[in-house]
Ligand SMILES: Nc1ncnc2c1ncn2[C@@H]1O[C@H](COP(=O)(O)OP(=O)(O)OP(=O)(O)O)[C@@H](O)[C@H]1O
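Let's start with one chain on its own, the form predicted on its own, as structure tokens.
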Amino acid sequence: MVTEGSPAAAGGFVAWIEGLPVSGKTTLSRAVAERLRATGHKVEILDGDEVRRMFSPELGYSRKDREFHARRVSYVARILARNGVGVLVAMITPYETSRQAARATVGEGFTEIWLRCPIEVCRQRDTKGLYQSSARSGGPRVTGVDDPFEEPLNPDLVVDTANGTAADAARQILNHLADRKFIAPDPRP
């Protein structure tokens, strides 16, 4: 049931796209946003790294700081969604408690999408050198290597980004959003 004042009632939604570093969160969010904009949707991407740089540069990467960052992003996402914007959150979100808190904050109109990709594949794709610098003594901590990543317990969609193309993965996400009735089905094959 869609309640008045909810993101779903306003035509907005929050697709919380999570996964290990370099699993494809930003790439797929951009591809999905491009397709949604082409069909007339209002859409915004809240990239966890960008939001952190702009709103929370003082935060570190402790569990407490990561959970605070996720709460802040989920609040902003909720505000956008209840104003009719489709929000794609591209964020590692390593803890189940943070994912559940985001779901509770947004309420109706929330969907959790896990980009499942083995760490070995993420290491191979790593253009930023995150995994390489983590391997060196004193390098930054990397989620999934030095810091935990708790596999999601009940994501609404699991996309295997180790296999297939980015276009295929974006299509899976778009189909999921249509199945949830957040967007109209794409008539293209």
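Quick note: we count residues from 1 along the sequence shown, nothing fancier. Just so it is clear, the model here is predicted, and its values are computed rather than measured.
We do not show the form predicted together with this ligand, though everything after this point is about it.
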Students should find that, of Ser62, Gln124, Asn154, Asn163, the residue having a non-hydrogen atom no more than 4.5 angstroms from this ligand in the predicted bound form is Asn163
Heavy atom contact within 4.5 Å of this ligand in the predicted bound form, the stretch among 66 to 74, 146 to 154, 52 to 60, 27 to 35
27 to 35
Partner proximity in the predicted bound form: Val85 to this ligand, non-hydrogen atom cutoff 4.5 Å:
no
Using heavy atoms and a 4.5 Å limit, would one call Val22 a contact residue for this ligand in the predicted bound form?
yes
Does the 4.5 Å heavy atom contact test between Leu80 and this ligand in the predicted bound form come out positive?
no
Counting only non-hydrogen atoms and a 4.5 angstroms cut-off, does Ala169 reach this ligand in the predicted bound form?
yes
So which residues in 76 to 108, when you check this ligand in the predicted bound form, have a heavy atom no farther than 4.5 Å from it?
Ile92
